[in-house]
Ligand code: PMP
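Have a look below at one chain only, the form predicted alone, in structure tokens format.
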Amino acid sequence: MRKAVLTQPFRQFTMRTIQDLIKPKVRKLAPYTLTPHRTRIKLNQNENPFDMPESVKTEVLHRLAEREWSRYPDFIPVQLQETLARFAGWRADGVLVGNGSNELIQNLLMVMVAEGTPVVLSEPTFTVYRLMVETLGGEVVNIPPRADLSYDLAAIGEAACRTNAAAVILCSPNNPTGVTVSEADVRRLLAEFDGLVVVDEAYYEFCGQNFVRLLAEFPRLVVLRTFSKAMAMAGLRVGYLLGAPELVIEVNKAKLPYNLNFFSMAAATVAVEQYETALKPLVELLIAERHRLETAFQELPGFRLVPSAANFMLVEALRHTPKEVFESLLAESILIRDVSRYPLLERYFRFNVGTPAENDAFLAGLRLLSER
């Protein structure tokens, strides 16, 4: 018996384009990207300018040499979770490790945000928050900061309750402004709002403040941390989430298996073990350099520095545009971040604290520009 031959298409249709298959919200979004400038001094990504100390590298390489590279990394990185729990002062079953804290932000939002889900932000802040919320179909409720760029927690709490938001995301210190949120404000927000309060502590080592001690009291609090800044591991991509164990179970469902390679696991473990002796002195040096830069800016005409609790600083350009400042420094092979496209920051640029020599060169470049 002969097989039937399909002579007619399943349906009459106009062939869809790739753009037709992408969600309209996503098509409107601009990707998170950076122009790959190559300069002798790089102050544009809030990195630690000091490389990982040799003692950490040596121990990591020793542990890697003992490992079978043909095997998968640990499916559940129990040792690293326990190490991070002791380091942070929280319980191991409330720790989730990710390929950078960005991945954990994405995982957290994936299990919460559906079409139209409100999430409260205070922009300007880390642009990836909005990008991820809107990619998932959620709605960003933006509450602008006060005139001094500090968080307006009363307005944030009111908006979160009014919109029945799934979460409020606060970066403390905030990127790119460097401002922090107080413990009293976070406590009040947690007491009055029944959604998640997510505090991104990517730069907490530089401000001496953290919110981990509130986790036991408030199970709707989530704390995010990274190894990319103070821990000098931006190239290895490690972050971790601290939260209620029942929340960690749910967020873990959105995490891809084997998301963290064993090289990064080993490096993170050793970095924590040697933090006090090898890394903390470098953090303290960066804080001292931040204070030195604050003093220097008081005598630098044409620029207004925003007080910062992080390893970076926001500057208002009073006589030149941020683009002019960027290009002037780029001509000196110094790379900063023009943040003038951020909300409310049309006159601002950002730089991270470098080594003493890098900071001297940066200040010299600004002095040269201010004389023009």
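Predicted model only: the values in this text are computed from it and were never measured. The numbering used is simple: start at 1 and walk along the sequence shown.
Although not depicted, the form predicted in complex with this ligand is the subject of the following passage.
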Check F193 for me: does it contact this ligand in the model of the complex (non-hydrogen atoms, 4.5 angstroms)?
no
If we define contact as a non-hydrogen atom of the residue within 4.5 angstroms of the partner, is F126 a contact of this ligand in the model of the complex?
yes
Applying a 4.5 Å heavy atom distance criterion, does C171 contact this ligand in the model of the complex?
yes
With heavy atoms only and a cut-off of 4.5 Å, decide whether Y204 touches this ligand in the model of the complex.
no
Within 4.5 Å of this ligand in the model of the complex, counting heavy atoms only, one of 236 to 244, 154 to 162, 75 to 83, 107 to 115 shows up; tell me which.
236 to 244
Candidate from T269, T180, N102, N210 lying within 4.5 Å of this ligand in the model of the complex - any heavy atom:
N102
Heavy atom within 4.5 Å of this ligand in the model of the complex: which residues of 213 to 227 meet that condition, in order?
T226
